[in-house]
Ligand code: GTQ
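Consider the single chain below, provided in structure tokens and representing the form predicted alone.
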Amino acid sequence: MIGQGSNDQHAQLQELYDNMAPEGLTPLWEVLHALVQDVPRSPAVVHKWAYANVRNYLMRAGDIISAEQAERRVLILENPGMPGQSAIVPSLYAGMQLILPGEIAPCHRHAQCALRFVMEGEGAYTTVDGERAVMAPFDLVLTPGMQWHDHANPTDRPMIWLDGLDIPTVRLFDASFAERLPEKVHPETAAPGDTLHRYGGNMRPMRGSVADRRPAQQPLFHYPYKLWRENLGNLAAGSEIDPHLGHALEFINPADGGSIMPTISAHVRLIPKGFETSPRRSSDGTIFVVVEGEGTALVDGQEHRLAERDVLAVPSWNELRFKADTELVLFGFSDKASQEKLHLYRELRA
């Protein structure tokens, strides 16, 4: 913005702007400072959602509206710094979904990539292209873009999970497509757990064989808690701790060793009791879920107390440290996958 100049110059410029506006023209010099920033300045703010509070509202919604009426009974975790945008950080969406006993969330597919991180309940399932992933607490289940999926709860207890999607990213590109099956549930194409048996052990069926039944670019969609927690514990027991991350493992796509989905990365961390991580900044906006333990997140020096199942949004380039009162296990997902593909990702370790 031009800060100096005569009154006459300002008047001439304002006349110019007024004349240009109907032509869809605006002056770059008035907005350049906001468009090209020295460091990221996210419109999102750091925010914590206490699980008990979210659950209370979600169960109240369950008393009022059915899964069939809503199609997906979800409370959006909307960042207070971005009201009305259905985003938890600028590139990602998050919501808490409830499936009550006996309910079905009908089958559909869409361009958006989605993950489900189970918060509560056991025995409900997500079906992906006709194969059920029977879910337990803290399982990670993927529904990649344009793969058919539905959810059902045949148990006698509520099932709640965290949805994470790249809705804002897809919206940026105006590339949203969606379809719905006439049937509520996709016809069964494989037994539950089939994909995990074929692709989940660092092996895969020979390419081109009849056994290679999943999409080549995205074969695996279920990462059970009992497996990833054991791996994380083994890492912590047998390796030096990273001062900035604690003990950390990233979920990967076994097809290429990259991120779980093209636009979303996910990882888990274990921070030992009494340990405090060193300051770190990164350009990806990250959403954390407390899986086990208690502690504190210090974000740009501000303390946020953490308890099990709490959700914390940490936008881009905030300095982050964790203090563990007890052994602290965290799940996180972010837009790092997108940023790396665009050669935008950066981090700074103090």
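A quick note: this is a predicted structure, and the numbers were derived from the prediction, not measured. Just count from 1 along the sequence shown to find any residue number.
Note that the form predicted in complex with this ligand isn't included here; everything after this is about it.
Inset, instruction - Given that the partner is absent here, state which listed stretch (200-208, 217-225, 248-256, 102-110) has heavy atoms within 4.5 Å of this ligand in the model of the complex. - result: The contacting stretch is 102-110.
Inset, instruction - With heavy atoms only and a cut-off of 4.5 Å, decide whether Val74 touches this ligand in the model of the complex. - result: Answer yes; at least one heavy atom of Val74 falls within 4.5 Å of this ligand in the model of the complex.
Legend entry - Proximity of Arg132 to this ligand in the model of the complex, heavy atoms at 4.5 Å: No, Arg132 sits far enough from this ligand in the model of the complex that none of its heavy atoms falls within 4.5 Å.
Legend entry - this ligand contact in the model of the complex: Asp163, any heavy atom under 4.5 Å: Yes.
Inset, instruction - Report yes if any heavy atom of Gln97 sits within 4.5 Å of a heavy atom of this ligand in the model of the complex; otherwise report no. - result: Within the cut-off, so yes.
Legend entry - Partner contacts for 112-128, taking this ligand in the model of the complex and a 4.5 Å heavy atom cut-off: Stretch hits: a single one, Arg116.
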